[in-house]
Structures are given as C-alpha cells and as structure tokens.
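The chain that follows stands alone, in the form predicted alone, written as structure tokens.
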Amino acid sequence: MTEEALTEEVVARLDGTPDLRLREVMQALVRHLHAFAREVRLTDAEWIAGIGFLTETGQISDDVRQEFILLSDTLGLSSLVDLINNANATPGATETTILGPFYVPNSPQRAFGDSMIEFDDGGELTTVSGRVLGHDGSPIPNAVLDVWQNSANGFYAVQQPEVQPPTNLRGIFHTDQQGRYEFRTVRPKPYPIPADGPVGHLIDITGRHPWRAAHLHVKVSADGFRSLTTHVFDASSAYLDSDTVFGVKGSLVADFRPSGDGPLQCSVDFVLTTDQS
C-alpha cells in the first residue's frame, strides 16, 4: 500500500457517514492530516510526542481552565474561525474577536454606572461608557453587556479563587432607553497566558512571547440582533502588534483618557448587526 492509497482508503471508509456535514469535515480532516504527516515526514518519536502533548493538554483542562481553547488561540485557529464566520458582517458593525479561555457565565447583574471592583489591588480607576446601536445608528434600549477582565495584578478572578472574589471584575449591564451603558472598573493590564502547561511550554520552545495586549472582554446581545463577542483594547498597551492569540483588530483599540482628578475615561460604542443580515 502506498501513502496516498492509505489516505484514500481511510477517506472511503467515511463515505457512509449519515450526517453529510460530519462526512465532509471528517474526510477533509483526514486528507489534511495525512498530507501534513507526508509533508514533514513525521517520525515515530515525533508522533509519540504529539500524542503526549495532546494527552497532557486534556489532563490539565478542567471546568476553570480550558487548555485546548488556549492551544487554539495561540495557533491562530480561534481567530481564523472568527474571521470565517464573520466575513459577511454588516459594514460599520463592531468587529468580533475571540472569546478567550476565561469566560465564566452567570456574572452578577449590575445597575447602570455600578462598579465591578470587588478586590482592590491598586488598579487605575476607570469609567467605561458608550452606546449600543443598530447599524443604522439607532440606539438599542435594554441591550445586555456581559463584561469581564483581569485585575491590576494581571489575573482574572477565575485564576485566583483563593485571592479574588469569584465575581470580581465581572458584570452584566443593560442599556437605558437611549442605548447608553456605563460601568466602573480598573484599567486592564497586559498579561501572559498560563505558561505552566503544555501550551505555555510550546510557546517557549518556539521562541514566542506569551503576552496578551491589555483589554476588556464584552459580549453584547439584544433582541433581533446578532450577538457580538468582542474586546476593547487599551491604545497605550504593549503587545498590540504581537498579541499572542492574534486577537487585536485596529477598530477595537480605544483610548483610556485622564479626566482631571477623577477616574480614567474610556468611551466605546458597540454597533450590532440585525439577525436578518
């Protein structure tokens, strides 16, 4: 049997897959995976090392830490999937970007203008405000903003259960009748992805840095509109041009401006696409 004949036999055995989309995906996966092995002339030792890497990636993952998402992020796959699925976005709509591995559902409901700060570690106080709009510029009342970010020490609350309250720097906010939102927080900081697992080791041995540019995460949703998963990046942050998960888009970069003796101010509007678009 030749290398090419083996590939075609494996593909042929998937011909009976009842789900047509699953058949398409699995057959393409086999062709590309076999082509990769042939291109690099994969050795037995390298194949075993790859199996060990994937095994370790699964073993370190749990309900808090998703190492496979981190792997997808650092290989650019998450950002590629995001680009594929949002290629036909309405012009002028806020761009999407990756979810990231630290999203936790069911954040606390907070009122307009409330603070998300439940753990004081010296971060720069910041007020984030703006509007949620339709692509025609009309305000969207009662839109939902699910916000989460890291603290000044660089960690998300979910990473430090013995240090930070579990809902620190997390919150769900709603827009008012004019489509406005506002909340108080701290300025986000650049941070390294978790480097104590297999993905961190891979980043190290390939000569890359592990740092993400400073950002807020926001999921925005409203009836009749497509849900948006995006970031707000700090314009003065390091790593904007080398974010380790390839998540930065220029339109998502915003200024955090001083406002006299008060907190920093960051103003960002989110523009949603209708479900029919």
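All residue numbers refer to positions in the sequence shown, first residue = 1. What you are looking at is a predicted structure, and each value in this text was computed from that prediction instead of being measured.
Keep in mind that the form predicted together with a small molecule is missing from the display, and what follows is about it.
Only one listed stretch (112 to 120, 187 to 195, 169 to 177, 132 to 140) carries heavy atoms within 4.5 Å of the small molecule in the model of the complex, and that stretch is 187 to 195. A residue is said to contact a partner when one of its heavy atoms sits within 4.5 Å of a partner heavy atom; Leu70 meets this definition for the small molecule in the model of the complex. A residue is said to contact a partner when one of its heavy atoms sits within 4.5 Å of a partner heavy atom; Val245 meets this definition for the small molecule in the model of the complex.
Remark: Val199 does not count among the residues lining the small molecule in the model of the complex, judged by a heavy atom distance of 4.5 Å or less. Residue contact check for Ala157: none of its heavy atoms lie within 4.5 Å of the small molecule in the model of the complex. Ile98 is the sole member of Ile98, Val128, Ala93, Leu145 with a non-hydrogen atom within 4.5 Å of the small molecule in the model of the complex.
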